[in-house]
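Take a look at this single chain in structure tokens; it is the form predicted on its own.
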Amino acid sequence: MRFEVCYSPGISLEELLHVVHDYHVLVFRGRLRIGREVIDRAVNLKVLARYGIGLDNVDVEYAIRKGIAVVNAPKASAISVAELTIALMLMVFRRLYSLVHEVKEGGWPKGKYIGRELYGKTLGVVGFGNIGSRVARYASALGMKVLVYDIRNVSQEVVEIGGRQVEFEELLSRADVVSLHVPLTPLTWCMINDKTLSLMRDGSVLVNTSRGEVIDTYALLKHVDRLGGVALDVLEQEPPKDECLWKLVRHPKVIVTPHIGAETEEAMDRIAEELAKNIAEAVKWV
């Protein structure tokens, strides 16, 4: 199967609306919102292909109703995102950001920031999918105790890595680190809010490499001072412009990376391969 490919990095929504009728397959990343306006203009479109995991920027139901297949690459970036998650935990626990920054500024802060080990701590994994399950395995190998919350019954898989599946409230109240690995849905939108943050222990750490909108920013600002640290690879607004969000980003207990979970050479290659296979398969059926 051969395709004629038009590569348009940085294309705006307005530009896309003017040309989308020419294409049978549209490959896009998370920056563009593929809603009804785009879908209605795409009169020849057969496949919408999300270069990555999340489909929260696509009106999937409407696309399918219009006879358009929607595919993504749900497994390809799992290793990279899981490794970043562990790295963010280590950065918070060992205060690495502050240490590196001060050395670069000419200081030598030995003894100023006393870190903590991950070994023996309890990790709460929220969402036991491709990424969450891998994070749980990595953490178990580091000697962490693992608790898992998922709406599915994954207790057997969790037991196999030495962990235990629990209810959401128990996980929040017992975990030293809470790591979020859920898709953005009506059920997960602002699942970390004032009520659920109140269940987290003082000194515990929150890590989010899923979607920014699963956390209520205003509620997190209210609780951040009593937490041990917060590490975010995703924000509800990227890049941040809202004053409240900037206040969170600049907080000394908060580390933010610019949505780089899948940005490794290996993940990019795997995404391209997995997505190409899924596109080819979808084209056969539409």
Ligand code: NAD
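The structure displayed is predicted, hence computed values, not measured ones. The first residue of the sequence shown is number 1, and the count goes up from there.
Form predicted in complex with nicotinamide-adenine-dinucleotide: not shown, discussed below.
- With nicotinamide-adenine-dinucleotide left out of view, the stretch that reaches within 4.5 Å of it through heavy atoms in the predicted complex is, among 170-178, 104-112, 90-98, 202-210, 202-210.
- Contact annotation: of the candidates I86, M144, L197, V182, the single residue with a non-hydrogen atom within 4.5 angstroms of nicotinamide-adenine-dinucleotide in the predicted complex is V182.
- Only one of M191, I161, V166, I79 comes within 4.5 Å of nicotinamide-adenine-dinucleotide in the predicted complex through a heavy atom, and that residue is M191.
- nicotinamide-adenine-dinucleotide is not shown here, and in the predicted complex it never comes within 4.5 Å of any heavy atom of H223.
- For the chain shown alone, K247 is not a contact residue for nicotinamide-adenine-dinucleotide in the predicted complex, no non-hydrogen atom being within 4.5 angstroms.
- Heavy atoms of R41 never reach within 4.5 Å of nicotinamide-adenine-dinucleotide in the predicted complex, leaving it off the interface.
- Contact annotation for H259: at least one heavy atom lies within 4.5 Å of nicotinamide-adenine-dinucleotide in the predicted complex.
- Interface residues of 25-64, taken as those with a heavy atom within 4.5 Å of nicotinamide-adenine-dinucleotide in the predicted complex (partner not displayed): I53, G54, in sequence order.
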